[in-house]
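As structure tokens, one chain now follows by itself in the form predicted alone.
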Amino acid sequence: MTDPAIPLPVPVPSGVAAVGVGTWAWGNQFLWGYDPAQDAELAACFRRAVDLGLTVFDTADSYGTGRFGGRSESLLGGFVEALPPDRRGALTVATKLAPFPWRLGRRGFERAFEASRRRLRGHLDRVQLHWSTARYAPWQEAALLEGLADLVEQGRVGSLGVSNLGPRRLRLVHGRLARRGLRLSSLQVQLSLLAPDALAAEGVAPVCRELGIELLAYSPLALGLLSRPPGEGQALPPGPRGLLFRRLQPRIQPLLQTMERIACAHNAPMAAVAINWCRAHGALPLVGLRRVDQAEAAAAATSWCLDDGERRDLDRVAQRCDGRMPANPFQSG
């Protein structure tokens, strides 16, 4: 890979949460082994995250596999509803709507939006296009985005974001909304030490800074790979994650060793290093949380930052790393 010319770190803007919470695993049996028996633990995890000052929660109408479709939104909505009103008001809840082939036209998201809002008990601050259709149905995307913009104009949701857009598509969408006098609030992309391409000179991060769009990093821990200490012979997670770990773990040992050294210097877990690398590059990491201890570790990561030397060391090793996360097939150019 060519040198991505990763820019100097950008401080997290004041008033923006240093770490957000992703809820992809809530309801997902295929990749994360979800079982309804975990719901009490998920509720405790949510409450602990809120108590520790984590206030941004991201979900999607497609989160939840099989009979658990929509489960992530339903769980999150119930957890938020159970909070006292003043605590609820401090949260930002965002969901993503999937541009499935049958969702067509300017009102193509209407039913989906109302269904998401019901599952979230009305606690919905931002709606996002889950992925771009540019690669397979470019004609579908513009009308759906106009419909999402209508929701903001009508006051039915507070802000609008997008996900999995590349720099060219991002500029087009930003310009389209600007002509309507609307702001594009955020872009969500895969970003981690094993997926750093968004930070390249030709990537989306410079465009976000230029246009004032908040950059959200999903999978900042690379499905958990970046939270494991270096070394082989460790037990692998079941299912598809285990297959990915088996393929990538031997290739990323120099990166894990660098992360471990920095983690030890800060008396912090390795996951905190991965989280703070995203923060050091001006992105808000959306950390998937399922347990109370994970919420505590994510919140503790906000108490310190990488120094410039540590960030440069990680940048250098990540650029040379032989292992890379699979790219999202719906990521546009």
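All residue numbers refer to positions in the sequence shown, first residue = 1. Bear in mind the structure is a predicted one, so any value in this text is a computation, not a measurement.
Keep in mind that the form predicted in complex with a small molecule is missing from the display, and what follows is about it.
The stretch in contact with the small molecule in the predicted bound form, judged by heavy atoms within 4.5 Å, is 287-295, chosen from 301-309, 260-268, 47-55, 287-295. Note on the partner interface in the predicted bound form: the residue among Arg241, Arg251, Arg88, Arg171 having a heavy atom within 4.5 angstroms of the small molecule is Arg241. The single contact residue among Pro206, Gly224, Pro230, Gly158, judged by any heavy atom lying within 4.5 Å of the small molecule in the predicted bound form, is Gly224. At a distance threshold of 4.5 angstroms between non-hydrogen atoms, Arg119 is out of contact with the small molecule in the predicted bound form.
Not displayed here, the small molecule is kept clear of Arg103 by more than 4.5 Å at the level of heavy atoms in the predicted bound form. Although the partner is absent here, Pro196 sits far enough away that none of its heavy atoms falls within 4.5 Å of the small molecule in the predicted bound form.
Using a 4.5 angstroms threshold between heavy atoms, Tyr218 counts as touching the small molecule in the predicted bound form.
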